[in-house]
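Form predicted on its own, single chain, as structure tokens, below.
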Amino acid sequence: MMKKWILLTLIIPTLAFAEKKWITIGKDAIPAIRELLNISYENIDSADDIELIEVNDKDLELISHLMHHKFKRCGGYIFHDTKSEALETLHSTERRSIAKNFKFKGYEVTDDERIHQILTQVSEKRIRETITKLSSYHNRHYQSKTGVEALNWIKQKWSGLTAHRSDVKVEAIDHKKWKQNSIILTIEGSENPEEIIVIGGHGDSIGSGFWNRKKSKAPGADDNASGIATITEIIKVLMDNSFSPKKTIKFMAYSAEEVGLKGSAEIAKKMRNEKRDVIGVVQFDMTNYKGDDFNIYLINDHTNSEQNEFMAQLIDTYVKVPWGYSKCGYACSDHASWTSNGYPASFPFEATFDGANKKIHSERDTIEHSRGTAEHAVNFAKLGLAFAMEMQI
């Protein structure tokens, strides 16, 4: 497979190296990147287990393809517009340490009967319908017409679910440098609105192949219509129960995750620059393929250890399914954007990374590959609901 990638890159004219961009990427991927691009380049700098390299912007989707197929990471790197921005992120060792070791402010799982009752309202049918709708688009590529339309549909859906609430705002975030918006739904906290909880997942999808992926068929049912459907169900159940949080909750559908976590990186950086007090982040990226014995796996690298323990307690108390830990490496999903900016994040995943859905990033990523149901995703919707409500205590 690697020889094919090298051969293809040799066929592309060297004039394709039109514009240089910067990415931070796990050191373990560097030998494969060198072989893939078949070029010599100077590593600019490194810190911890992260390398900063300069690449041709036209190679970003090729690198994304490698990071998925060889390392099972979606995105697998963080994109930076400028060298100075990249260096600042690389050397934010203290911020990353804070994010990983952030101490919870005394949160405890209360085993609340109301939460138990609310979780019974989670609907497999509704989650399945949202997955089916989002995967009906030709693709949700961050630069394609259907990719723009899909995220606009998410905004309309979330707006419809919350239209009766004056304390809820749904907005489209224009990222200026690409076509697809991110979507943010905010429920304003009634007592401590300055404390913010983020529950997010990426709305884009990407197809197979090396070139012209903007036109590739990419239904992305699991990656990541399932995560957005999970979040949509959380919103629906909270609204049905007139849930009014004490602390602000922001639900996010990020654009352009597949090409370097672009959407979440901009949003997280903006919130850091504004000195926003984000007290907890959860990422839902691929929730509907059961590829291993356990139902939920908590990613325990580049995440917050105490929040992961809290999530584990929530699973045991409310979801009551087998769970375990797994690793995914640097920048495997949007939680990495929050970690890089100093915020505590968790990433509950559908399987171990070795057992995850093998059909993603292809036209075969359909709900049929997840046995035609959304039963697995129900567990994640329950977990997200429990997290949103217990974080209010």
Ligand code: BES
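Please read all numbers here as calculations on a predicted model, not as lab measurements. When you see a residue number, it is the position in the sequence shown, counting from 1.
There is another form of the same protein, the form predicted together with this ligand; it is not shown, and what comes next is about it.
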> Does residue 233 make contact with this ligand in the model of the complex, using a 4.5 Å heavy atom cut-off?
Replying inline: no
> Any chance residue 55 has a heavy atom within 4.5 Å of this ligand in the model of the complex?
Replying inline: no
> Applying a 4.5 Å heavy atom distance criterion, does residue 332 contact this ligand in the model of the complex?
Replying inline: yes
> With a 4.5 Å heavy atom cut-off, would you call residue 68 a contact of this ligand in the model of the complex?
Replying inline: yes
> Only one of 119-127, 192-200, 282-290, 265-273 gets a heavy atom within 4.5 Å of this ligand in the model of the complex; which is it?
Replying inline: 282-290
> So which of 50, 328, 63, 29 reaches within 4.5 angstroms of this ligand in the model of the complex, heavy atom to heavy atom?
Replying inline: 328
> Exactly one of 77, 297, 251, 137 has a non-hydrogen atom within 4.5 Å of this ligand in the model of the complex; which residue is it?
Replying inline: 77
>> Residue by residue through 352-375, which ones have a non-hydrogen atom no more than 4.5 angstroms from this ligand in the model of the complex?
In response: 353, 356, 360, 361
